[in-house]
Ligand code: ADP
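Given next, in structure tokens, is a single chain: the form predicted alone.
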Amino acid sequence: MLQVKNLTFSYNKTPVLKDVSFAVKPGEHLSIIGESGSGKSTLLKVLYGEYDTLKGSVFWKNEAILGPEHNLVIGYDFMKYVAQEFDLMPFISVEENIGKFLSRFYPEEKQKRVAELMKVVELTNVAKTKVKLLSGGQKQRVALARALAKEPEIILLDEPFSHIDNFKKQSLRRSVFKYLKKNNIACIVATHDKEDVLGFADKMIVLNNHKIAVHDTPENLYKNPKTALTASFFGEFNVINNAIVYAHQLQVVDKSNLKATVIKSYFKGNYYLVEAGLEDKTVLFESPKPLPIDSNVYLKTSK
């Protein structure tokens, strides 16, 4: 497994990561979330060996992962890293990019592997297209497939679907994470998108103030968010009587102690998100229909 113990890293004097410790088992999916600048991408780079640590250690099974002070060539055969910048070869085709580092001595196996991965990332229809002609989202999918080509034991993904439009994102996410599980490939995903986490991640880490604020299953953290930061990742929420209450946990009732005045209703598809004034603050709740502006409603928490 991956063992990270007391990891501390700094670009200058101020630590970006401080005393970070966690473990990832083979085949396990760990999501890392946090605000921009919280250290998500930096953590992946440290785990990959791109940087040297100030303190602490990183091991995959019995092998220490070390930085450029110890290695002339960054990276290890058992680990792949897909950054937000794609280091692809623009003047060769999609299938050539994916198979670039596979052995030429077994052409049939190579072609079969490339075809399998193009199917996983849904790029079979552009197999012969030069990468320079692809969209940003398509390039991201080529980078994913190429990272998987040599069957790593663990893969690090930095915002892996950020360039991909909504028409493809849902099915692609299912396809990639299903493939990783099926092949027992551990993955660590730095993301700002709850859809990368819910339904896929086994564990989830929230980075805040350079440290791990919470580390638990997504289900536990969704149902019992300890902080406003955690709740905000999952959806719209309120703080009422010092308790975190999601918008869907507030209901309109005939009478209660919570009297609010409607400010605006936002269409969200199968419901409306209603913004209302409650005493000196704003609250958000869900409604099956839009509510008249300036109308009064009574609210009750279903938590």
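Quick note: we count residues from 1 along the sequence shown, nothing fancier. Computed from a predicted model, the values in this text were never measured in an experiment.
The same protein has a further form, the form predicted together with the ligand, not shown here; the description that follows concerns it.
Participant: Pick from 267-275, 235-243, 248-256, 40-48: which stretch has a heavy atom within 4.5 Å of the ligand in the model of the complex?
Facilitator: Contact-bearing stretch, as computed: 40-48.
Participant: Exactly one residue in 24, 291, 16, 283 has a non-hydrogen atom within 4.5 Å of the ligand in the model of the complex; which is it?
Facilitator: So the residue touching the ligand in the model of the complex, by this definition, is 16.
Participant: Residue 36 versus the ligand, in the model of the complex: is there a non-hydrogen atom within 4.5 Å?
Facilitator: Residue 36: yes, in contact with the ligand in the model of the complex.
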